[in-house]
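Heads up, the chain below is alone and in the form predicted on its own; it's given as structure tokens.
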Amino acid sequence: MGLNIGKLNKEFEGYHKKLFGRNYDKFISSISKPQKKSIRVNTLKATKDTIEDFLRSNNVTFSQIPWCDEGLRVDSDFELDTVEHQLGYYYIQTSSSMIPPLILEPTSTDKILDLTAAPGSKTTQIAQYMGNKGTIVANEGSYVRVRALVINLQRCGVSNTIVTRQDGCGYEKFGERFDKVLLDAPCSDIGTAGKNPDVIRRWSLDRVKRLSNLQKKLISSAYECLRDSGILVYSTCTTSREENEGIIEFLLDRYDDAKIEEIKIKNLKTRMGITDLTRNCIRILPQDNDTESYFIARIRKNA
């Protein structure tokens, strides 16, 4: 039985009916049910064949995540927090959160900043794509969350990453400049509604606007941390225009040399940004790929 969104939050219902129009009912139906479990094979420690054999040996049915070679959907109630997971052979991660690192396109020679890195899902994914070469700076402002970040980096065998604990809103003041920056921003988390209905209960436009103000500070800092021709990937797991297209429009208005680049991911259905300036951004709706909601933009500096 799905969530009664109107009973939970009338303000949420009214806003999203206006946002999604005729797609609203499908959207609500999709976020009202938990997403399938998924894992990412950590190729720094294991091969995909090894993990697939492990799943088969435990009678676990699984399928390939179409847009991520290392990603597997698990179609059973198998408890994934196994010794193999704790040793870092694979990482429990939602299928949609595997997309921003793919769009970042990390290479073994890059110097990369993950500005809001905890708990480390995307940092560890970036590190495996880099083959533990190059350099990642993983920043997190919260002491509690930075501990989780360090633990995940260690268990996944990541050795090319420096961890910092600083306020991401002023990170540019340290003077370091990066080839690529990932900003997976703190947000209203509507993508997680299937497992956490409280995100709908506490949703309000006032809260969205407060988060938007934080996101604007973070994206300004992230952009200024880029070298010329550097790439910024901005992402959220939420739906509101104020936290998504509105943030990118703010960036374009503030920086004349920022350009949104087109995003193409094989085997993933995406929708364009909903404003004229953000058509090259992508929205990932839960009904299209059986995923969380996501918004992603790829921006080049001094294009």
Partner chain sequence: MRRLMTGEEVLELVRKINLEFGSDFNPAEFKFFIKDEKKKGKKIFIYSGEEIPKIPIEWIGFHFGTIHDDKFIPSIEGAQIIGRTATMRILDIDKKEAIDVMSGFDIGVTEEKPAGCYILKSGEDIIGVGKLEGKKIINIIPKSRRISRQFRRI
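Residue numbers count along the first chain shown, from 1. As the structure is a prediction and not an experimental result, all values here were calculated from the model.
Quick note: we don't show the form predicted in complex with its partner chain, though the next part is all about it.
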Would you say all of 146, 155 and 174 touch its partner chain in the predicted bound form, counting a heavy atom within 4.5 Å as a touch?
yes
Might residue 215 be said to contact its partner chain in the predicted bound form, defining contact as any heavy atom within 4.5 Å?
no
I'd like to know whether residue 227 contacts its partner chain in the predicted bound form, with contact meaning heavy atoms within 4.5 angstroms.
no
Check residue 159 for me: does it contact its partner chain in the predicted bound form (non-hydrogen atoms, 4.5 angstroms)?
yes
Does any heavy atom of residue 134 come within 4.5 Å of a heavy atom of its partner chain in the predicted bound form?
yes
Spot the stretch among 117-125, 229-237, 203-211, 74-82 with residues whose non-hydrogen atoms come within 4.5 Å of its partner chain in the predicted bound form.
74-82
